[in-house]
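There is one chain below, alone, in structure tokens, taken in the form predicted alone.
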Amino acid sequence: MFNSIALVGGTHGNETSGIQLIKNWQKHGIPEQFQALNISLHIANHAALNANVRFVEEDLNRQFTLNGLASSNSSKEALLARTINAQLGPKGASNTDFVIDIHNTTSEMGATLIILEADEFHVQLARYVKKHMPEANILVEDEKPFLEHGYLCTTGKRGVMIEVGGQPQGVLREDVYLLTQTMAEVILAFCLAYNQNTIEADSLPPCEAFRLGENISFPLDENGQRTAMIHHALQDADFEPLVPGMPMFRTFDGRDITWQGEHETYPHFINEAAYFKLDVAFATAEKITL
């Protein structure tokens, strides 16, 4: 039973779809069909929003580990994380049943639901979303236990992320905004059905999903400088198969670097702008069924 649901935008200040959705619902009200749910609306990082940047000092969406919340880190985002944790959490003994955190990516990932566990509840949620929004992607990041993640959504008893792209940082695109709104409303419709015990498991067929693998870095020289860029055949091909021998990078002297994995993989967050300084080119995934 969901007695409290927190819908969050602006965890990253330049990811505008969630910010705009929260502002619209704050101004005009939450859609009438969800009035039976106890939903609170939050803009997480006002300082980053006002500066139109991802974060001011540190990535807010990495501050919510138990150790991080208990540390003496005094960065703006670390301090903000403790305030948010007190408001929505506390993590591990939360007063909020479900936290839905809304993000944008510059990668062509479409509307992606990120779940951090593949238990019965999250499998039901994934199947429900996929049934009612067939164009959605389901990304499973269960490489570590729920409470070990540093994501804001882990302040709730349960938490998920909405990730929608491609959208440039600091820009609002209508198509991406509408995908964001649709996915948020489908998740809330699931919450409503879950509370009313009207979800019939047999009516939710197994769905395709992608399980996170590893981050792939750009090639670097001995001075730490990049020697290649994303190959045009891989660019914008999020969640499409990358088969051994297919090009993934083009070096600056015109050579192709191919995928040498033993099996095909499903890249996502391809050329994500926020990961530029980390030299992360994309993340891999395997296709699974939930």
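On a predicted model such as this, the values are computed, not experimentally measured, just so you know. Residue numbers here begin at 1 and follow the sequence given.
What comes next is about the form predicted together with a further copy of the same chain, which is not displayed.
S.K.: Exactly one of 173, 122, 157, 132 has a non-hydrogen atom within 4.5 Å of a further copy of the same chain in the predicted bound form; which residue is it?
M.R.: Only one listed residue qualifies here, and that residue is 173.
S.K.: Could you tell me if all three of 20, 24 and 229 have a heavy atom no more than 4.5 Å from a further copy of the same chain in the predicted bound form?
M.R.: Yes, the whole trio is in contact, each within 4.5 Å by some heavy atom.
S.K.: For residue 92, is any heavy atom within 4.5 Å of a further copy of the same chain in the predicted bound form, or not?
M.R.: Contact with a further copy of the same chain, no.
S.K.: Considering non-hydrogen atoms and a 4.5 Å limit, does a further copy of the same chain approach residue 258 in the predicted bound form?
M.R.: So residue 258 does not count as contacting a further copy of the same chain.
S.K.: Taking any heavy atom pair closer than or equal to 4.5 Å as contact, tell me whether residue 85 reaches a further copy of the same chain in the predicted bound form.
M.R.: Residue-level check for residue 85: no, no contact with a further copy of the same chain.
S.K.: For residue 235, is any heavy atom within 4.5 Å of a further copy of the same chain in the predicted bound form, or not?
M.R.: Within the cut-off, so yes.
S.K.: Please pick out the stretch from 33 to 41, 47 to 55, 259 to 267, 65 to 73 that is in contact with a further copy of the same chain in the predicted bound form, where contact means heavy atoms within 4.5 Å.
M.R.: Of the options given, it is 47 to 55.
S.K.: Can you list, in sequence order, the residues from 70 to 93 that come within 4.5 Å of a further copy of the same chain in the predicted bound form, counting heavy atoms only?
M.R.: Contacts from 70 to 93: none.
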